[in-house]
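Presented as structure tokens, the chain that follows is alone, the form predicted on its own.
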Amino acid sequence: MTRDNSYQAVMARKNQIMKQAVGIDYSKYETGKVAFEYERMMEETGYTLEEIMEIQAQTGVGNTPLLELKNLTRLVRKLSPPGYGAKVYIKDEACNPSGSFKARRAAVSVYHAEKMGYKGVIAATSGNYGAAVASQAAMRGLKCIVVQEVFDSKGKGQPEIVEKGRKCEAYGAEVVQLTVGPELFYVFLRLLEETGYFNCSLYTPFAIAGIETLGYEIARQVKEREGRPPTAVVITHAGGGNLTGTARGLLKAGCPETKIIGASVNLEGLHMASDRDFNRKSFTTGHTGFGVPFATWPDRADVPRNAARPLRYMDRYVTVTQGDVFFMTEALAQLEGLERGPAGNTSLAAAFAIAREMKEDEILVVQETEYTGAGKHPTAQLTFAREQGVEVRTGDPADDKPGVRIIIPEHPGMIRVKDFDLNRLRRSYIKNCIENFKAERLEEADLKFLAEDTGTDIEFVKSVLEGE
């Protein structure tokens, strides 16, 4: 019998396709109208921390260096009031095989695919994750397909995404490149169904558990050097997995007091699925276009229940500008001798401002770097921005306007963070949860789940439900 491959028919089969492509029956964790047993899902479908370390060691992932940024710390203190200016460390995740922390996620996902007998893996991503999956698949001898949104309707592609496509191909992956729009998920589902390959989603328990080693290593390395845990860790926030996994790793290392700070590039006003806006941003990840929607509705992911739940762990959420990140990318290279990709330096830009708020005896860790290359380089990014009609100049980054102008700070003292109202995110999440599950009357288990999932309490959840 011929299979109906119309858009509507494929979407109607998505839960069945995902169940076969991930091997998880998510329905068995459902406990209420909106609630599910998150920790049980992580425990039963993931691996222990020790097992993940062993899996990652098999392909050279993890155990990346923690570097003290002595010159940047000195600059921080010059710009801070007396007694202020935290010591800044950076976790050099560019040292992973594919050049980013995403190798940690991919290592566990691809290992699991091989263990379960899948012949190949598929990932839908325009970010570093595609390269990480392709790299790990090459090491384990599995086929790999990466599906990317690359072009606008004029056929123009952002240089960073184009470069990532080449990187995936270099690892032997087949790369399916699409224009921006709704066809990505449809094509992804079709490929999963036709090939029978494993879905290397960013949001499975395997992928999130893979990042826990990053938080665990940060805690161990800081304790070895300083004799105490970090005061705070700044984490680039997009889909929520980076923050969730790192925070869980810190907790497993016995660091409940370490503050978890999410940081994103501010792209307010730009719509990620818009053909006009698609190429008017210089960052393909780590921005509010992912950070806000995935915090306020994590289950928008390509699996029924997203294992990335950032609001459970986030103590503070800040934004920086594109110009701030380009400035810090050059500062990292010229003051510390580390040339790393701009998107990975989002958390560094935020940390540079936050360290000035902290006391000298406190420790701030920047949680990642990423590899760089021709397409990621600031020159390529800013040249492309000008070609799209975006003004690029020096000045005060407070004048930055996403999609209109990028302001490179005239002085490092101009780099600031802007706090995002966490309670606003929490309220939006609860409302989205009720709307998407069409849950009119919640049970006690649902209230408890929403409190845990927002890092609040049942009284807060009730206040939102009652319209405050």
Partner chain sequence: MVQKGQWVEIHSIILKPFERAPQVPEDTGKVPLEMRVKGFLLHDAEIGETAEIKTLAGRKVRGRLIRENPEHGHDFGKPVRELLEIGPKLRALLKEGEARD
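Numbering follows the first chain given and starts at 1. Just so you know, these numbers come straight off a predicted model, no measurement behind them.
We do not show the form predicted together with the partner chain, though everything after this point is about it.
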field: Every residue of G46, P293 and G403 near the partner chain in the predicted complex, heavy atom within 4.5 Å
entry: no
message: Using a 4.5 angstroms cut-off on non-hydrogen atoms, would P256 count as touching the partner chain in the predicted complex?
response: no
- request: Evaluate F327 for contact with the partner chain in the predicted complex, applying a 4.5 angstroms cut-off between non-hydrogen atoms, and reply yes or no.
  value: yes
message: How about D399 - does it come within 4.5 Å of the partner chain in the predicted complex, if we only consider non-hydrogen atoms?
response: no
- request: Consider S80 of the chain shown here, and say whether it contacts the partner chain in the predicted complex, taking contact as heavy atoms within 4.5 Å.
  value: yes
field: Of A173, L202, A103, L189, the one that lies within 4.5 Å of the partner chain in the predicted complex (heavy atoms)
entry: A173
- request: Name the stretch: of 94-102, 271-279, 127-135, 304-312, exactly one has residues whose heavy atoms fall within 4.5 Å of the partner chain in the predicted complex.
  value: 271-279
- request: Give, in sequence order, every residue of 187-204 that has a heavy atom within 4.5 Å of the partner chain in the predicted complex, or say none if there are no such residues.
  value: V187, L191, E194, T195, Y197
